[in-house]
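As C-alpha cells, one chain now follows by itself in the form predicted on its own.
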C-alpha cells in the first residue's frame, strides 16, 4: 500500500473545508476595519497572507505553524543526542514569512507561539536555547524584529513530551504598487526557486529557505512579480492558488532530488501523490511577464537563490490546472480547494 497524506491523518478536503467556512464568516467582519482607517482588498481572502489597505500602504498579517516536524527532531535527539531545535525554529519562521512575502509584504515583526503540555519541557537548557537562538536567527534572515510571543502550558491538550511551534508576522507594502496582486496573463513565465529539501513538510534536514530577500530584491530593482506561491503543503498544486483559471504548464522540471526519490521508493509514495504533497525541490515560485524573466533570475542569483525558468502560463477556456507533461502529471482545479 502506498503512503499518502490521507493515510497519515492529514485530510486536506476536511481542513480546507474548515478554511473556506472561516473565510465566509471572516468576510462578514471586514466592515470593522473602517473605524481604523483601513479597508479589505477584494481579492485578499484565500491568499497566503491577509491584507488590509490604507490610502498609501498595505499591512499584511500571517499566522502559521510548523506542524509535526519537531517530532522528527525529538526522535533524533533521543536517539543520538544531536539537537536540531535551532533548525526547527528557523523552519517555523520561514513558513510564516514566506507566506507573507507572496503578496509583496516585507516582514516587520514576528511573534512566537510555543505551546507545551508541561512547563518542564523548557527545563532542557540546551534544547530551549537552541530554539531561542534559531528563532532570532530566522528573524534576522527575514529582516524582521522578534516582537514577542506566547508560551502556554496546556496540560491534557498538548503531549507533555512535545512542543507546538507556530507564530505570526506583520508586514508592510509601501508604496502600494509593490503589491503582488495576481495579475497573471497568458504567456507569463514561471520561475522556480529551489528548496533546501523537504523543508517544512515533515522531515528534519537543512533549515528551510527564507525567500524574503528575493522578493525584496525584485522590488529594489523594479522587477514586477505578477504572482508568487510558497510551495509547501499541497505541493505543486499551490501554483494554481489564484482564483482566475489558468493552466500552469511546467516544461522544464528538474530531476527530483535524491531525497524525494528515496521517499517515493521507501514509502512507497506514488509520483502523483509526491508532487501533490511535497515541494520536490521547489520552495517558491513566481509568475512574471516573459520580458522580465531574465531580470527575475538575475535578482534571485544576486541574493543567493538557485532559480530557473520552469514553464509558462496558458489559457484553456475555464480550465484551471497544473500540468507537467514530461512526468505525465495533471492536477485539475478541483484538487485545490482553498477558497
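Values in this document were obtained by computation on a predicted structure and should not be read as measured data. Numbering follows the first chain given and starts at 1.
Not on display, but discussed next: the form predicted together with another copy of the chain.
Exactly one listed residue, out of 252, 123, 206, 78, brings a non-hydrogen atom to within 4.5 Å of another copy of the chain in the model of the complex: 123.
With the partner omitted here, the residue from 259, 194, 153, 184 that has a non-hydrogen atom within 4.5 angstroms of another copy of the chain in the model of the complex is 153. Picking from 185 to 193, 230 to 238, 259 to 267, 140 to 148 the stretch near another copy of the chain in the model of the complex, with a 4.5 Å limit on heavy atoms, gives 140 to 148. Another copy of the chain is not drawn, but in the model of the complex it has no heavy atom within 4.5 Å of residue 330. Of the heavy atoms in residue 104, none are within 4.5 Å of another copy of the chain in the model of the complex.
Although the partner is absent here, residue 70 is a contact residue: one of its heavy atoms lies within 4.5 angstroms of another copy of the chain in the model of the complex. Within 4.5 Å of some heavy atom of another copy of the chain in the model of the complex lies at least one heavy atom of residue 169. Not one of 226, 273 and 321 is positioned with any heavy atom within 4.5 Å of another copy of the chain in the model of the complex. Taking another copy of the chain as positioned in the model of the complex, the residues of 25 to 54 that bring a heavy atom within 4.5 Å of it are, in sequence order, 25, 26, 28, 29, 30, 32, 33, 36, 38, 40, 45, 50, 52.
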